[in-house]
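The data below hold one chain only, encoded as structure tokens and taken in the form predicted on its own.
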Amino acid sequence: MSRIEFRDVRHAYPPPPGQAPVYALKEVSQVWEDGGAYALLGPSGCGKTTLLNIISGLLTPSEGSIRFDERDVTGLPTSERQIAQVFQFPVVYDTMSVFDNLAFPLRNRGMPESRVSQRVTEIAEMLDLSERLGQRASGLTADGKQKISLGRGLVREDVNAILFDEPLTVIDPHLKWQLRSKLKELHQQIGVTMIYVTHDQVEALTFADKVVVMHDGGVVQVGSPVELFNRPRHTFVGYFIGSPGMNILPCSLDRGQPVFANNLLSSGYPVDTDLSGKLEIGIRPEFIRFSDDGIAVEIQKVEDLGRYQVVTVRHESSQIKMLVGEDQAIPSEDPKISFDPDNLRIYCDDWVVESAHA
């Protein structure tokens, strides 16, 4: 296993003749610590798979360097990086048995058959495939075949990292939770570095100890699920993490405090310096309440989700979402809302403004 480090890595795919290169991956300097469980989270086209393929050696970056521990591997092929990669669609040999599929990477490296059998048996037990070892892979369902793909990544003991590129996309929704839980359990058992690419925040937040949030080809924040929810550094993180996501509303400033649609608000993170640029406030739906005196709103929609309700309100041209507990009343006349100052943050040009009072 290795500590993986990106130093000023950028990548552009070859452009059409006469056009300037467009960088799919903007400058990234990032460390994946040895033995960590990481997720690369972001929408389609944000650079997640490009970054993953640079780690594995399927792509050589246009600029920058990659190090495994202190070894520069930027120019090394995949075969010399000791990386296992699990792809979105299961890659299995249908004519082989489950056992032979799992054994293939080990036999390919000349491992003694006694050790092959021992290791395959261990991994099959972890993945609940023990009773199917003699079965042909062609007879398995999609989730069974993806378990084989996962097993082929896990069976080797000499890997520096295991990379997962949206491995649960083809799995039935009711089985995804089981496989995510199994992957988390496996990471705790074997302790190898795992990097998991997904656009699904639930997958990322339930699997990873650290989530790397990507947007428009760059990394905007790295943190634990709690850090990303409570302290989003970028408006994209606030909006993308959470359901519903953070409300992002235009504002101005008055003596360091935000003003939203002529309403002076109180933030626990007042601004101490003059700012120029696009100013916004961020407040999660969980931290908005109906109140006797506050911002007058119009209720547009109420969605009852059982334990809580998602209420959509409007103030002038701004739409705001809030979460209301099942035991909380929704006012029928003249509704007003207030924001929790301790969870109201100010953003300038999409980045959080750090306060000396924080």
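Don't overthink the numbering: it's just position in the shown sequence, from 1. Computed from a prediction, not measured in an experiment: that's the story for all the values here.
Here the subject shifts to the form predicted together with a small molecule, a form of this protein not shown in this document.
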> Hey, in the model of the complex, does Val313 get a heavy atom within 4.5 angstroms of the small molecule?
Replying inline: no
>> Within 4.5 Å, heavy atoms only: does Cys46 come near the small molecule in the model of the complex?
In response: yes
>> How about Gln309 - does it come within 4.5 Å of the small molecule in the model of the complex, if we only consider non-hydrogen atoms?
In response: no
> Using heavy atoms and a 4.5 Å limit, would one call Ser56 a contact residue for the small molecule in the model of the complex?
Replying inline: no
> Counting only heavy atoms and a 4.5 Å cutoff, which of 326-334, 293-301, 30-38, 47-55 contacts the small molecule in the model of the complex?
Replying inline: 47-55
